[in-house]
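Shown next as structure tokens: one chain only, the form predicted on its own.
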Amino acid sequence: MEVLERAELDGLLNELKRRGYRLIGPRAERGAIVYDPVETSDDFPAGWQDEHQRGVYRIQNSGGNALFDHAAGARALKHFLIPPRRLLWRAHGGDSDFTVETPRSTPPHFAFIGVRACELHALALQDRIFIHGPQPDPEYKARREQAFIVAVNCHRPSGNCFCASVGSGPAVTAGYDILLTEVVDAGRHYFTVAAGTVRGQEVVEVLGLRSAEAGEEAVAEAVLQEAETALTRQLDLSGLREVLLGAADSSHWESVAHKCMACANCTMTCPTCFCATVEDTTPLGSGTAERWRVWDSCFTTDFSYIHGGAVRKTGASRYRQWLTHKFASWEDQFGTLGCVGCGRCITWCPAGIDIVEELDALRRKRQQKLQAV
């Protein structure tokens, strides 16, 4: 383990840029902390902290110097790896000919800075589907394989985080090229550094960092312990799949639907949701037609549309589909949960729906039902 002083952080960023990477990191913009292009460490949200409650998000400056003193923001990394809109093909037609053009482009070389443990677990889920699944996505695969990950251990989880319950945090354990742990202590500001891959080690060696002393490692370890202590939300996973699969006709879905606005905020901010649809456009008089892949959500009525109408016409059925898929049928499909416990869906739900509370309520109703038999 090495030590990177705060003043040396731009050296790391410059080395990544020298290797051809486009830097993407957290920035405080328009009242939120989001992943966006960055150039120097001055672009990071120094001193900015975020507050997460049910349906509430705000940021405020503490006056401190920490660059990563915040939790997961509104924008997940899927925004860059699975773009919200992607042109699939463009057709050109004339009086006597017809051609189809498939866009070809060099995948961007992203270096993602400040990635948290929950986001890394989400990337692993996406990899299982889009790289190792039965229908790989070549564009995702190209973008993902080119990506360089600089992870940061979380030391200030939000009030909506329950990552420990689903085994995805707060400590980073895998999936990174370089791992930083930020320490602001006794007038010092530094990062402990660990390489997780060969290319990560190559970058660290170029920087010529010194080895961490025992006291510095101990302080960094205390940061992780502090984050684990700060996580107060818990989700009981025991028997949850059976609870959901046995609750298809529960009246609880209607009570949730009375609050749910079907706005799809939860699926748009979720780092694992990946559903998409296609849109065909034919501008009048242009002689062209285009097909685009765009993000979609199981909360939209058209999402389940087949000949004759939508399969899931009610808000209750759509919410049931989303929650049951996340915590039950996703496991049947992909061998794991579809949730990483980041709490984004709770924060960004304008109705303040809390999936931890909803799952607990479904569990209680099932227990009551079983006791009444």
Partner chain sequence: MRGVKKPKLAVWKFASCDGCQLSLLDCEDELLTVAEHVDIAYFPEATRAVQKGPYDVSLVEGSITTPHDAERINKIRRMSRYLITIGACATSGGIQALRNFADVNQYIRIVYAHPEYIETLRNSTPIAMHVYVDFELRGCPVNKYQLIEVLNALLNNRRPNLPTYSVCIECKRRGTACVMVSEGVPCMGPVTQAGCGALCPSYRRGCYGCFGPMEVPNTAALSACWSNIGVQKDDLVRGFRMFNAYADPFRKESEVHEHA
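Under this definition, the rigid core comprises the largest set of C-alpha atoms superposing within 1.5 Å between the forms. Values in this document were obtained by computation on a predicted structure and should not be read as measured data. Positions refer to the first chain, counted from 1.
What comes next is about the form predicted together with the partner chain, which is not displayed.
- Out of the listed residues G239, G285, G208, P103, G285 is the one that sits within 4.5 Å of the partner chain in the predicted bound form by at least one heavy atom.
- This chain is displayed alone, yet in the predicted bound form one of T300, Q126, T192, S250 has a heavy atom within 4.5 Å of the partner chain; that residue is T300.
- Picking from 112 to 120, 290 to 298, 182 to 190, 162 to 170 the stretch near the partner chain in the predicted bound form, with a 4.5 Å limit on heavy atoms, gives 290 to 298.
- The partner chain in the predicted bound form is not approached by K141, whose heavy atoms all lie more than 4.5 angstroms from it.
- Put simply, R318 is close to the partner chain in the predicted bound form: some heavy atom of it is within 4.5 Å.
- The closest heavy atom approach of H258 to the partner chain in the predicted bound form falls within 4.5 Å.
- Using a 4.5 angstroms limit between non-hydrogen atoms, G55 touches the partner chain in the predicted bound form.
- Taken together, the three residues K17, P107 and A147 all stay farther than 4.5 Å from the partner chain in the predicted bound form, as judged by their closest heavy atom.
- Residues of 12 to 35 placing a heavy atom within 4.5 Å of the partner chain in the predicted bound form, in sequence order: R30, G31, A32.
- In the core-superposed comparison between the shown form and the other one, P138 has its Cα shifted by less than 2 Å.
- With the core held fixed between the shown form and the other one, D97 has its Cα displaced by at least 2 Å.
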